[in-house]
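Here's a solo chain for you in C-alpha cells, the form predicted on its own.
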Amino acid sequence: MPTLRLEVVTPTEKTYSEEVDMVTIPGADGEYGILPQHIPLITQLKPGALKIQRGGQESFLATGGGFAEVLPDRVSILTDMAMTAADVDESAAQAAIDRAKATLQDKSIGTEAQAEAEAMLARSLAQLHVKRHGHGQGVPDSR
C-alpha cells in the first residue's frame, strides 16, 4: 500500500516527519482527508486536531493556524503550534481559554487584541480537545 510523507514544522522545530497511510487536516473550509496520490492542494490550516493514520494506528497532534501543502507523495504542514497530548498542560490551556474569553468580553478592546484573543482561544481549545477526547496516545517522537 502506498504511503505519503507527512512533515509538520513549527517556527522552532520539525515536530513530525514520517511516512503515513493517511492524514486528516483541519482546513479553513473543513476537514480534509488526505491519502497517497491526492491532487495538489494548498489550504489554510485552522487550529484543531491533526489525525495521523499509520500502520493501522491513529495518533493526534493539536495544531495552531498555518498552511498545508498537499502533493501526491507528501503533505507539508507549517503551523505556529504542534503538540502531542502528552505535551499539553491541561490547567495552562484552561487558564488561557479563560483569559481569552475574558478579553473577548471587553467591548473596548481593539481589533488586534481581539484577533490575538481569538487565536489564543482556538489554539487552547485544540490542545484541550486532543488531551481530553481519547487522543492521549499523541504522536511518537519522530524528530
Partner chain sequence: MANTREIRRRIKSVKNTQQITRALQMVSASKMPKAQAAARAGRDYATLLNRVLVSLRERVDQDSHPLLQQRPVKKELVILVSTNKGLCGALNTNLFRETSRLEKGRTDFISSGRKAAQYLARTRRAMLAEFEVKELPTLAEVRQISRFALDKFLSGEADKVTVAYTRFVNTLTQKPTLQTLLPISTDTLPEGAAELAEDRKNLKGTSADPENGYGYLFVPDDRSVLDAILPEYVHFQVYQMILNARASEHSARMVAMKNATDNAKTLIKDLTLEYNKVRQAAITTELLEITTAQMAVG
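Residue numbers count along the first chain shown, from 1. These numbers come from a predicted model, not from an experiment.
There is also a form predicted in complex with its partner chain; it is not shown, and the following applies to it.
Enquirer: Is there a heavy atom of R74 no more than 4.5 Å from a heavy atom of its partner chain in the model of the complex?
Expert: R74: yes, in contact with its partner chain in the model of the complex.
Enquirer: Though only this chain appears here, would P40 touch its partner chain in the model of the complex if you measure heavy atom gaps against 4.5 Å?
Expert: Contact with its partner chain, yes.
Enquirer: Although the partner isn't part of this model, could you tell me whether A86 comes within 4.5 Å of its partner chain in the model of the complex, counting any heavy atom of the residue?
Expert: No, A86 stays farther than 4.5 Å from its partner chain in the model of the complex.
Enquirer: So, V70 and its partner chain: in the model of the complex, are they within 4.5 Å at any heavy atom pair?
Expert: Contact with its partner chain, yes.
Enquirer: Tell me, which of A122, L128, M22, V9 has a heavy atom within 4.5 angstroms of its partner chain in the model of the complex?
Expert: It is V9 that has a heavy atom within 4.5 Å of the partner.
Enquirer: Considering D98, D106, D29, E90, which brings a non-hydrogen atom within 4.5 Å of its partner chain in the model of the complex?
Expert: Of D98, D106, D29, E90, the residue with a heavy atom within 4.5 Å of its partner chain in the model of the complex is D29.
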